[in-house]
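Presented as structure tokens, the chain that follows is alone, the form predicted alone.
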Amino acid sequence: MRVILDILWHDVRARMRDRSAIIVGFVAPVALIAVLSLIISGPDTEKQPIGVVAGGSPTLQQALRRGALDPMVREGVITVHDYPNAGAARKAVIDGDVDAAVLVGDDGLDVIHGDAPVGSAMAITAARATGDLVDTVGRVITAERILGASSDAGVAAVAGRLQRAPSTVALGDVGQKVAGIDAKTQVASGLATFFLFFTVQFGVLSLLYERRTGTLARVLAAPVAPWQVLAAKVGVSFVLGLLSMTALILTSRLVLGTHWGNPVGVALLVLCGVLAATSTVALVAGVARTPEAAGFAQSMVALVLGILGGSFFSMARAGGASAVFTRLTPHHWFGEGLVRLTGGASWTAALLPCLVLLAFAAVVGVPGAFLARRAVRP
């Protein structure tokens, strides 16, 4: 054990001074996470100004205010500006004071809109929703009267209850969340797992380089067993993966405000995810003949698994075979664990994804360990 720890410590220190390992394991993913997070978040937007000409039917006025506009005002989506007549509202739209204006008439609603697509769409949607609401209420009251189920007093009571009922409109920012995980965290986790499969190669694949340069032969000339060297190199890949993932999670949390969920569950996911990545690079090292072939093969494996696993975009939405292949990747199950954890669940929510990651590590790592033994020779 002492020999394994000595080799591991020596290699980890050497890799921490290696600029390429630092760039691949930390600098590049942090830069991409920051850039993509800014692109996804977009610039800060102001509330959309909407004008209202409150004339005509009092019923339509109240329905427009309480049913459509008030919920958007409470959510901070729009601001409402009142105008005395259609001329003043039209001038405000032309001058750019408001994006659009809703005119309340005796027999319906009309919309004046300009060149602002978002505000115009909101005003048109509010007008249509209000018209549908009033029409529905009118149909209910008419049905009550025609069927004779209620007297005039009963019809008035129905109308009063509908009028006093609180709005059922609720707004949510669906654009910033995907399946329970916010967009920044999704980007950070996807890129972190993608670069993880590049970072771990600096441990196990160094066996092939050391065999070519003769360093491995000198190590084996000492009282060191080949399995100890292999275990140390696997440990180097594992430690580098842990350091990279931990640094990326902490940096994205502190700088970008990402939310990863329960710390214990995240820690379990990281451990299992790094083990799966290390098992993959061990298999590549056992199959490849040269350092160059191993590096190329590992890059291809990392790229294919990253694309299939949803590091950049979800392949599961395509359905069919793509959805099946996605579920065979560690990237997918790492993301699945985060989705469960960011929903406010306890660490136990990550157990199933962790078990799948461990199964992947066993299926890939066991044959990888046997094949990688042949790389540990002078």
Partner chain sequence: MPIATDVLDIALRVEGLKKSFGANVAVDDVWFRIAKGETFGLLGPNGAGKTTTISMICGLIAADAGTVDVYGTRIAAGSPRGRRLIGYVPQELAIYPDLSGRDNLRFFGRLYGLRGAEAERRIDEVLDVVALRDRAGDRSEEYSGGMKRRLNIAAGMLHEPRLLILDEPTVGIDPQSRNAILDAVAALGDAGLSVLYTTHYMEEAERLCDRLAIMDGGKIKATGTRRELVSMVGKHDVVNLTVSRAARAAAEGLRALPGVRSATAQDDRTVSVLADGAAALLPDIIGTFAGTPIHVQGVEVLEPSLDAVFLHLTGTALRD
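Residue numbers count along the first chain shown, from 1. Worth saying up front: this structure is predicted, and the values here are computed from it rather than measured.
What comes next is about the form predicted in complex with its partner chain, which does not appear here.
Its partner chain is not shown here, and in the predicted complex it never comes within 4.5 Å of any heavy atom of G96. The closest heavy atom approach of V3 to its partner chain in the predicted complex falls within 4.5 Å. Although the partner is absent from this view, R218 contacts its partner chain in the predicted complex, with a non-hydrogen atom inside 4.5 angstroms. In the predicted complex, A293 stays away from its partner chain, with no heavy atom inside 4.5 Å. Contact with its partner chain, judged by heavy atoms within 4.5 Å in the predicted complex, is confined among 5 to 13, 21 to 29, 350 to 358, 363 to 371 to 5 to 13. When its partner chain is considered in the predicted complex, only one residue from G214, G87, G257, G105 comes within 4.5 Å through any heavy atom, namely G214. Out of the listed residues V264, M300, A225, L250, A225 is the one that sits within 4.5 Å of its partner chain in the predicted complex by at least one heavy atom. In the predicted complex, its partner chain lies beyond 4.5 angstroms of every heavy atom of every residue of 227 to 254.
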